[in-house]
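Form predicted alone, single chain, as structure tokens, below.
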């Protein structure tokens, strides 16, 4: 069974950990300029059964959406060259992107996280991803998309 969101369609085999009885699979866009973080997040998310795509800055994320791509979840780094996370998040929300956007930051200051949240995030987490964070995000995605 295929699930359609925007112009992207995803399919799932029954063995993926984030596939539900409906046979759907979540797609994730990782937006981060650090190649090591990109690789860690991609491998970790893939192990949980997510379809993952990676870009290096916020402008590339906005450009992907402008070209018709769509994702269930966007993991957005806060500090990147070209276009940072808060600016990219504002741009995406201005385009009426309804994907769940979660800020990822290495900073743990509440004031910085609140400023990032104000750009239009659904949630903000401290890097790196952990199994607990992914499980929590999966739960939120299940609720958002009512699987």
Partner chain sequence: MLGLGADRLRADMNRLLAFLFHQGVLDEQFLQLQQLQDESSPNFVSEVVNIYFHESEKLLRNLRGLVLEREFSDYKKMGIHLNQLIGSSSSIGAKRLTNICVAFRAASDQNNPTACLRALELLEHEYCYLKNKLHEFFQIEQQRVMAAGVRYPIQN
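Positions refer to the first chain, counted from 1. Model, not experiment: these values are computed from the prediction.
FYI, the form predicted in complex with the partner chain isn't displayed, but the following is about it.
- Within 4.5 Å of any heavy atom of the partner chain in the predicted bound form lies no heavy atom of residue 91.
- Taking the partner from the other structure, the partner chain in the predicted bound form has no heavy atom within 4.5 Å of any heavy atom of residue 66.
- Among residues of the shown chain, residue 37 is one whose heavy atoms approach the partner chain to within 4.5 Å in the predicted bound form.
- Interface residue remark: residue 96 is not counted as part of the site for the partner chain in the predicted bound form, having no heavy atom within 4.5 Å.
- With the partner chain left out of view, the stretch that reaches within 4.5 Å of it through heavy atoms in the predicted bound form is, among 102 to 110, 66 to 74, 50 to 58, 115 to 123, 102 to 110.
- Contacts of stretch 41 to 66 with the partner chain in the predicted bound form, defined by any heavy atom lying within 4.5 Å, are made by 43, 44, 47, listed in sequence order.
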